[in-house]
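Before any questions on binding or motion, here is one chain by itself as structure tokens, the form predicted on its own.
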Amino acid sequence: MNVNIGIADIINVSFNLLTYIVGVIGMWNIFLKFGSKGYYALIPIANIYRISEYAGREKDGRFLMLFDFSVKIVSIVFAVIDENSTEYNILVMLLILLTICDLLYSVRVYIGICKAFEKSKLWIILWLTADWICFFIFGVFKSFRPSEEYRDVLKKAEAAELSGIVVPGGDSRLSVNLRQRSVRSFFRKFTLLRDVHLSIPTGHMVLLLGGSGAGKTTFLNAVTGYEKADADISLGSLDIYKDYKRMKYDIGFVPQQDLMRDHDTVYRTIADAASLRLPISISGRERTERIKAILDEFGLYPLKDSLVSKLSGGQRKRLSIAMEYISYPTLFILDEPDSGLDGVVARGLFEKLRSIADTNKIVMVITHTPDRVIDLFDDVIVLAKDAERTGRLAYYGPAAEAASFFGKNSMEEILLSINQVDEGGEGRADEFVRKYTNLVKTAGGEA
């Protein structure tokens, strides 16, 4: 087999190799200038996303990465398909469209790089014609440095140190030792929640307080075992993760939006919940007695033949709660059970939850209007975003002492104090995370 390789081919391959090496060297040094790892330059496509992120164009980088990858894939298919086929013409149009999109987002990202390095937008001409030269110049030349504003984006602010606390399990209490809960997205690791250690005894009604993004839902999902975290979580002597099949009947969760069918009756709704929530070992007679007892307990028995669609807002909420409480769970969690209810009806609902907690249960509640019912709670868990935008434990303790700890008069004022400045808050989250950590360490690690 004869292979004819001309001088032009050798020159072309050599030039492509040269541009790649020069571009990688430049990109490597750009990463170093931003205080990041240089080896990201060696990862195809992902390196473009990183550059975009550092240039303050992270969203544009996502699209650029997508279009860049799509152009490469379509180009490969385009090279092997028959020129006379219908698919060939379609691929031509698709390739043109993808190339235009790739070009547009390249312009946005390259302008972002020029802005980060405080250089004229006229550089965009060279970026679009020979970006490997620009990568080399911006990366290797010492006179090209990103502004402090852009370098500071990558610097981690001084978040509160980790507590090192571990709370013991045992008894009948809920013990949570959550080291961290992280996710990965677009080549980055995001820590949603970390260093949350607390122990809640039965018979307590607990308020879960925190601003948007502070990790409330992440915390509840971790505690219930819905989304496992790097954590040790136990209810009594049982590990919620390891013994989940045994624990699932002892944990109840009421979401903000109910999952009821409007055309079912109240009785059928509870009966269906019983078939799902109660162990199969319970006899039919016991099941029927449990259904009647739950309907009585929540004042729904007179409405047992009514359609769900005919219930008032307060009645629907009680039915939604009754569905999960049918198994008499030891840990009962509710996400905004008072949503859409007026003050009087909401108060009555929380008084019912208080009575449930008094039967040696743990009731944990998220509500956006805590001040009108705060007197019914035993404890408050306050989650806040630290300087790294990670959910942290800023306080856990008696509700009556929370205002004093934060130096505020209400739960709403506490929220304002821990929210970030760009969210309209005071940005004091790390201050209170440190204060709480020191308080617990002084008390001997009891959370």
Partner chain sequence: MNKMHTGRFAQTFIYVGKLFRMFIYRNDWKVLPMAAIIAGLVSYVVAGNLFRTMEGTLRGTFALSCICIWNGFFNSIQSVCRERPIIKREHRSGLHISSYIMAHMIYQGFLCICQTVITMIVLNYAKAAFPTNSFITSSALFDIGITMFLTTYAADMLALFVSSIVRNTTTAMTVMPFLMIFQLIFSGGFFQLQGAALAVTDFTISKWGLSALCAEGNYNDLPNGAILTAMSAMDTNKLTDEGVPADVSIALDKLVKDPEIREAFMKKCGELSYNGKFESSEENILFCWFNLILSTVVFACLSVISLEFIDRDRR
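Residue numbers count along the first chain shown, from 1. Just so it is clear, the structure is predicted and the values come from calculations on it, not from any experiment. Here the rigid core means the biggest group of C-alpha atoms that line up within 1.5 Å when the two forms are laid on top of each other.
Quick note: we don't show the form predicted together with its partner chain, though the next part is all about it.
276 is the sole member of 76, 126, 276, 166 with a non-hydrogen atom lying within 4.5 angstroms of its partner chain in the predicted complex. 324 is the sole member of 324, 102, 232, 131 with a non-hydrogen atom lying within 4.5 angstroms of its partner chain in the predicted complex. Although the partner is absent from this view, residue 226 contacts its partner chain in the predicted complex, with a non-hydrogen atom inside 4.5 angstroms.
Not displayed here, its partner chain is approached by residue 248 to within 4.5 Å at the level of heavy atoms in the predicted complex. Within this chain, residue 81 is remote from the site of its partner chain in the predicted complex, having no heavy atom within 4.5 Å. Heavy atoms of residue 255 reach within 4.5 Å of its partner chain in the predicted complex, making it an interface residue. Note that among 214 to 222, 296 to 304, 349 to 357, 104 to 112, the stretch whose heavy atoms approach its partner chain to within 4.5 Å in the predicted complex is 214 to 222. Remark: none of the three candidate residues (18, 25 and 50) comes within 4.5 Å of its partner chain in the predicted complex, counting heavy atoms only. Residues of 42 to 73 include none with a non-hydrogen atom no more than 4.5 angstroms from its partner chain in the predicted complex. Core-superposed comparison between the shown form and the other one: the Cα of residue 85 travels 2 Å or more.
Relative to the superposed core, residue 62 shifts its CA atom by 2 Å or more between the shown form and the other one. A displacement of 2 angstroms or greater separates the C-alpha positions of residue 97 between the shown form and the other one, with the rigid core held in common.
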